[in-house]
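First comes one chain, alone, set out as structure tokens in the form predicted on its own.
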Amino acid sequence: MIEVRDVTRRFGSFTALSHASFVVRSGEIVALLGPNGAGKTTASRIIAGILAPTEGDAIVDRISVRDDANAVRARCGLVTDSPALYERMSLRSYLTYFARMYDVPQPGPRIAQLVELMGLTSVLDRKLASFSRGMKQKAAIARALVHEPPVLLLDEPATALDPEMTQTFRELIVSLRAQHRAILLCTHDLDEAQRISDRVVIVDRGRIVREGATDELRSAGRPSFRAELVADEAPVRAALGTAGVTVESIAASNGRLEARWSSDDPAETNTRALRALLDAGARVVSLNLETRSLEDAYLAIIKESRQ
């Protein structure tokens, strides 16, 4: 549904995006992650047909942004972190205006559905200038969805939303994925990305540095393990040292010890570790693989890309 093909975007001598390529399929949420200034917003605006690529192309619903940017815009719903609204309009007039622009038949029921979802029914006839920042963000989300676009481009969409509305919006995004929409989520909220994204694209300094399934990126790297023990620290350290296991940390927690280590060969290392611990008289309550968070994976990938 979205295909970014070797896209470069320059602003004078500054290259905001360099030879970027990735795909967002129908029925998929892809999180585009990166530091401030990495090129995320530039990428989303090129896909939306707002910025023209200097080189390369973006294809949306089989339409090239170079060939027909207007047709691409009609197929996208864009939400930014700081929406520019027509503040002299009421919310009803604002949504009706965009519904008619997109040739939405009988926009009234669609608008009523969206404002109820966003919790804005009671302010439907108030001017947008009187809205709080969070209410304006909700209005922008409703505007992006009014024509039921097949592609959603979400650039920090939960900015200024309260926790309850953030959860509602998260559930909405997931439901839209189930309707076979292609969704690109640009966010700094890595916990949010971990919860809902199917794949992750990481961009740094204008270049794609890693792409993959969310779970695959989290599980990549050297496997780490946590053992919960009933034992004293000194014999545990001695036993693991004898087994050739490099202990990364040992800490007391709730009357038990938690020992952590990593291994490139878990079957061999963990077998030795368990045998040594049992021989030392330690009671092993559990031994678990520790899955790193998306935040940990992201930070490691950014650090690696800059070495």
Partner chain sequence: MRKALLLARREIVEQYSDRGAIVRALIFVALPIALVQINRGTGRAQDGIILIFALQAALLPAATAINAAAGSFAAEKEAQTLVPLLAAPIRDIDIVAGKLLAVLAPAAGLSLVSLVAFDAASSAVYGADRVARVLGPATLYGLFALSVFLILTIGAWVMVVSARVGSQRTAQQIAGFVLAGMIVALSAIGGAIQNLAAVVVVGVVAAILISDLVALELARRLWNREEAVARL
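Numbering follows the first chain given and starts at 1. Here the rigid core means the biggest group of C-alpha atoms that line up within 1.5 Å when the two forms are laid on top of each other. Source: prediction; values computed, not measured.
Only in words, not in the display: the form predicted in complex with its partner chain, which the text now covers.
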item	value
Proximity of S175 to its partner chain in the model of the complex, heavy atoms at 4.5 Å	no
Exercise: R73 in contact with its partner chain in the model of the complex, heavy atom 4.5 Å	yes
Partner proximity in the model of the complex: I50 to its partner chain, non-hydrogen atom cutoff 4.5 Å	yes
Residue contact check: L78 to its partner chain in the model of the complex, 4.5 Å heavy atom	yes
Output flag, S253, W261 and A273 jointly within 4.5 Å of its partner chain in the model of the complex, heavy atom basis	no
Its partner chain: the contacting residue among A213, A129, A84, A234 in the model of the complex [heavy atom, 4.5 Å]	A84
Contact residue in the model of the complex, from D162, D191, D103, D125 (heavy atom within 4.5 Å of its partner chain)	D103
Proximity to its partner chain in the model of the complex (heavy atom, within 4.5 Å), stretch among 226 to 234, 84 to 92, 196 to 204, 163 to 171	84 to 92
Did D103 shift 2 Å or more between this form and the one not shown, C-alpha, core superposed	yes
Rigid core superposition, R133 Cα moves 2 angstroms or more between this form and the one not shown	yes
